[in-house]
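Read the single chain below, which is given as structure tokens and is the form predicted on its own.
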Amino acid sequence: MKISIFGLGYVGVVSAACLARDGHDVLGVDTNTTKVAMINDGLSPIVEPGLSDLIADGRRNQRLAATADAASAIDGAQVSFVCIQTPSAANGSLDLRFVVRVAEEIGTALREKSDFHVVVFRSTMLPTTMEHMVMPMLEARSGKKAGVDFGVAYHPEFLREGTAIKDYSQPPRTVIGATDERSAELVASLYAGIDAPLVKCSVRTAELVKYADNAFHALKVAFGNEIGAICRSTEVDSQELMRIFCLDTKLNLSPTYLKPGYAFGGSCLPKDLRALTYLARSLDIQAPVLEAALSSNAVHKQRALSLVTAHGKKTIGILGLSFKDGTDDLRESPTVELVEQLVGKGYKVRIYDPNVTLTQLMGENKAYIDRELPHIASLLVDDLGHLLANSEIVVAATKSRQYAEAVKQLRPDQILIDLVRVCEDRNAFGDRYHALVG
């Protein structure tokens, strides 16, 4: 395939060299004439293990070249990658001047091109940037329609400095968000020889994936460092501790808990997190990440309350009271707190949870209910159909198959508040469906 790459920075140069290695004809484009000259001389403009050899091989095989002429790079290619920098502005937003400039150049060049051309952005940009800024600019300059007359894709990169070539060839996954299937297939074909999951998704999802990745990486570093600081003050070997921590691939290093939904609760997580942050404070150790977990959870519970109270309806049916399905544990259940707040605000609340039977509650569960929600007996019902029939708003607070089937019975005049993504077909409810998370 004939490919042009706009921006010969870190991502652009590595991508160009690897694509040329894989047999494609690649033309790099940059306004920096020094970079252009170095590529054409078979030299790498950046320091990266193995890159100099790939560039030299690409020049020797006549599969790699560079230019400052954007129009010629579009005219002679089937697909163009945009790897332009998006640095931070002073207020923390992205400086998109370079992206705008390149989009204008590409759009103008597309006006004169009759063949179907795919423009693939790899520059890290926030969700909706492609939809609200880049694609309209390409359409305005070209006089053509994205997804019809030319293709547009967003294809995030996951290259790390020092291991970029290995990361290109052995990625954790390949993510492609495109305006149309033709463009998605063309980009996917570039990775036919790479053994990694290939994910096709919406453009917005593809834009946000890189941010989710990096935010989680930063969170892991900060978490590890805070635990390390506590280890130092308690004379615990932090390396040994985290080695043991990482042995748990069922809960710790796994997809578990990484599914957006309702707030955490139960008898362990809140209590133990409070105890750990208390220990840190008692040792004069600042642990803002650990502290923020509790604050974030409180904010998320407030989001749930606001979602329920935003509709001006007073009769509420709650599906699930325990902190998770399959248990009768009510200790620090976020739903108990939600019910308490709704009752305090004058809402008529009814609760259905077959796992919670007042006559069987004992010990900590009974003490918790007596303390936090003593009038729960008047709120619990054992007839799910009656609760559904007599609620203006139904709140799915626990994820279970029973509740997923139950909400399908709701009338057109009833609202579903989904705190746990119990409903898979959200479109079936139209504007009557409101989710706590996207």
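Position 1 is the first residue in the sequence shown; the rest follow in order. Please read these numbers as outputs of a predicted model, since none were measured by experiment.
We do not show the form predicted together with a small molecule, though everything after this point is about it.
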item: Which of 245 to 253, 139 to 147, 317 to 325, 98 to 106 lines the interface with the small molecule in the predicted complex (heavy atom within 4.5 Å); value: 98 to 106
item: Residue contact check: Gln85 to the small molecule in the predicted complex, 4.5 Å heavy atom; value: yes
item: Residue contact check: Leu159 to the small molecule in the predicted complex, 4.5 Å heavy atom; value: yes
item: 4.5 Å heavy atom contact, His117 to the small molecule in the predicted complex; value: no
item: Contact test in the predicted complex: Ser123 vs the small molecule, heavy atoms, 4.5 Å; value: yes
item: In the predicted complex, the one of Asn40, Asn32, Asn390, Gln409 near the small molecule [non-hydrogen atom within 4.5 angstroms]; value: Asn32
item: Heavy atom within 4.5 Å of the small molecule in the predicted complex - residue from Val420, Val11, Cys18, Ile417; value: Val11
